[in-house]
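Have a look below at one chain only, the form predicted alone, in structure tokens format.
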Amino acid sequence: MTGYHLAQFNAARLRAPLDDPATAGFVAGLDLMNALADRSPGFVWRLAEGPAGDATTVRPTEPDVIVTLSVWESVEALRAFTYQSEHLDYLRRRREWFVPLGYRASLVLWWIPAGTLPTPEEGVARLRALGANGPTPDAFTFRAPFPAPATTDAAPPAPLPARPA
């Protein structure tokens, strides 16, 4: 345990409004995917605002761009949820529901002190930083991950035993 958690922000441009039949499969899976995330090992938190608690009403960039924002214990935990669970089948269908975002990246990861929560605005800023600068310790991807910062408030090492006289 490092004293840091992994923040994840993803933005996606809808092919059609959420009440359109073209996005019905996406909408039908929201509760299932959120429940899957909530019970996944290493899950810490997700943005759950709006009447349905799925954050689809949070639109920090453009009216047709929806976001996800979550916190995980590690890159490995998020990767396992994303690519080694039922979520992968849902993810594979993304082109049915979304069109290219028009940004250089749609997903960004960064480390936050454990016990703090990221905001959608912070996610947008990190996504833009990733697009402008490429992966850095402040904004990175699954393909180019960075380790959590070293914890500076770690307990000091135990003193050495007293030397016999």
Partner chain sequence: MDDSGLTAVSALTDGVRRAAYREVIAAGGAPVGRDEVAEALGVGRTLAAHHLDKLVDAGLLEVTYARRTGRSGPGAGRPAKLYRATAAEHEVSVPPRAYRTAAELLAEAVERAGADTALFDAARAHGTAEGAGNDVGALLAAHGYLPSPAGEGRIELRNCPFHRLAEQFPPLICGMNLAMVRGLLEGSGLDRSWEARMDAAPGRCCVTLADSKNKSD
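Fair warning: this is a prediction, and the values are worked out from it, not measured in the lab. Residue numbers count along the first chain shown, from 1.
Beyond what is shown, the protein has a form predicted in complex with the partner chain; the following relates to that form.
Shown without its partner, this chain lists 115, 50, 63, 100 as candidates; in the predicted bound form, only 100 has a non-hydrogen atom within 4.5 angstroms of the partner chain. You can rule out all but one of 33-41, 119-127, 66-74, 92-100: in the predicted bound form, only 92-100 has residues with a heavy atom within 4.5 Å of the partner chain. Taking the partner chain as it sits in the predicted bound form, the stretch 122-149 comes within 4.5 angstroms of it through a non-hydrogen atom at just one residue, 143.
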